[in-house]
Each structure stands twice: as C-alpha cells, then as structure tokens.
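Quick heads-up: it's one chain on its own, the form predicted alone, in structure tokens.
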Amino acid sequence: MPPTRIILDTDPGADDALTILLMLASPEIKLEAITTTHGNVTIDKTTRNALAVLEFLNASRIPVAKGCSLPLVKPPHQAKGEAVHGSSGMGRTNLPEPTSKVVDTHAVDYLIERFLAEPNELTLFAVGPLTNVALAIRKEPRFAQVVKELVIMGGAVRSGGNMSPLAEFNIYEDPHAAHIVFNSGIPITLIPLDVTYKCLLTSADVDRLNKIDSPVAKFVRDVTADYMAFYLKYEGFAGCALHDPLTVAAIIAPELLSLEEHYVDVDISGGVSTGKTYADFMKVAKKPANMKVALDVRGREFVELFIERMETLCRSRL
C-alpha cells in the first residue's frame, strides 16, 4: 500500500516534536506539510520549533505554514504549556535557529488550498488546539467535504482532565473550535486522555534509546526532560505520556487501539465543565455517531513500537 499522505496541524511542544519524529520514522506515512497553531507556547515559538525540528532531521523540504495565535473566543492559557514543555516548548534542547522560512500563506488558507486541490486524498492530523481547522471549515464550506480523515489528539471522555478536572488541554484551549470541528461531518478519529495516559515513556526507555550515540537519541532525552520533571512532580512517576505520538498508531498500528463509534461533543457553556468532551454512550440524544473514539489501547506495545522506530531513526543518522 502507498503511504498515507498527512498534513500535521501542531503546537510543538515536546510530544508534538516526538510526533514529527515518529511520522518521519514511519514508512507507512508521508508527512507533506505542517501547519502551526497556538497552544503549548505562543505561535511564534511553535512555528520556530516546527522549522527547527524539521531542519534538525534534514526535512526542511516539508513546508510549514504559520497559523492562529489565539483561540476563537476564550483567552489563551499558555502558561500551563510552558510549565510542562519548558519556556521554549522544546524542553532542554538547544536546536539552532532555523534558516528555513514559513510559506507565505496563512495556515488556514494553506489547509483550504491543499485539501481542495486533492479532494479526499490527504489525511489531517491535529495534535494541538483546533483553531486552524475550525476556521478552515468556517471560511470554506467545501473543506469539510474534502478531508479524507481527521485524527485528533484531544479530549477526556471517561477519564478526568489534565487542564481542569474535566477537560483536556487541547480542547480546553479552544473549546469553540472543537465544537465546530466535531460537528463538521469530517470523518474523525479521536485519541483522548483515556488512552494516551496508558502510553508511558519512562526514563528507563530514554536511557535505553541513548545507548545509541545519536543526536536523535539525545534530542528525545532533552526534549522530554522538563516534561518528565513535571510528571514526576505532579503525577508521581518517572516518565511522560506519549499523548500526541499515539495518534500515529491510527495509521501504523491500528490493531493496538480499541475504537468505538459514538456521538461526541464539547461543552461550551462557560461553566465548570467548559471544554469537557462527552460521548453519548446511551444514545439519549438520538444523534448519529460523528467519530470513532479510542477508549482502550495496548499501551506498552505502542511505547515499544515508538522506541523501536526511534532506534531505527537513530541508526539511520549515525
């Protein structure tokens, strides 16, 4: 089978950077472009990080389009992202300033142009707040009809939230955008905290990877250093969840995910549950399913697959 052609909408971010590495290490995937959004850090930082990671991996041929700097309605909450991912968003890495530049087109227009040019040929991955995607849907009504599939890291369906007791960060950061996207009619696969918290990259895993003397192994160690320190302080374990990278399993190892079809929406009422993703498990709303939701995963198997792909990437760049 030919590789799945992907455009990645992202807010790098440590686990976003690991997602880029995993996509580039996976022959099942052809990463064709990156669009950046606000989220873990400011739009200027997320865009710089995307360019720098691609340059580090000798992949500057992949175009980057800079996107939205603010959520649609609510104020941003980037201080939480910086606390988790470090002030730059890249942990303790020290990648040089990228020499490559973004394309001239805004990310929203870039998404519209690319997907309309090749209807139902491209898959969209969104691993940050959904502002860019929502605005593409609003600006060009045909956009929702030409996306082959949309894979989203976001939400907490049966689990608790990591931004509020009920809400996950990406959805909480722009719940109104998520509401637009969820109800757009695009075929969606949702990867929520319910499964990502079962995919824990441990400090022992990082040590194992660094037995290979490779810049890629050192990057994985350094980009996750602040991330792991946060988890140790607040979650009590020496490691970090592979939130965004788990989306890639939808392509490279779907058998590891337990998917169910449900109607899922987002609370935008403005109360304590704002940003909460909820599934209509009992079908009381009488609405048809609008997405596939991952509710279980063989987590350790995915982490092993991630490490193996990183080891291969390391050896290819010795």
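Quick caveat: nothing in here was measured; it's all calculated off a predicted structure. Numbering starts at 1 and runs along the sequence shown.
Only in words, not in the display: the form predicted in complex with a small molecule, which the text now covers.
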Contact assignment for the small molecule in the predicted bound form, among 49, 40, 35, 277, heavy atom within 4.5 Å: 40
Contact residue in the predicted bound form, chosen from 214, 189, 162, 159 - any heavy atom within 4.5 Å of the small molecule: 162
Partner-facing stretch of 163-171, 67-75, 204-212, 96-104, counted where any non-hydrogen atom is within 4.5 angstroms of the small molecule in the predicted bound form: 163-171
Contact flag, residue 193 vs the small molecule in the predicted bound form, heavy atom cut 4.5 Å: yes
Distance check, residue 127 to the small molecule in the predicted bound form, heavy atom within 4.5 Å: yes
4.5 Å heavy atom contact, residue 136 and the small molecule in the predicted bound form: no
Heavy atom of residue 153 within 4.5 Å of the small molecule in the predicted bound form: yes
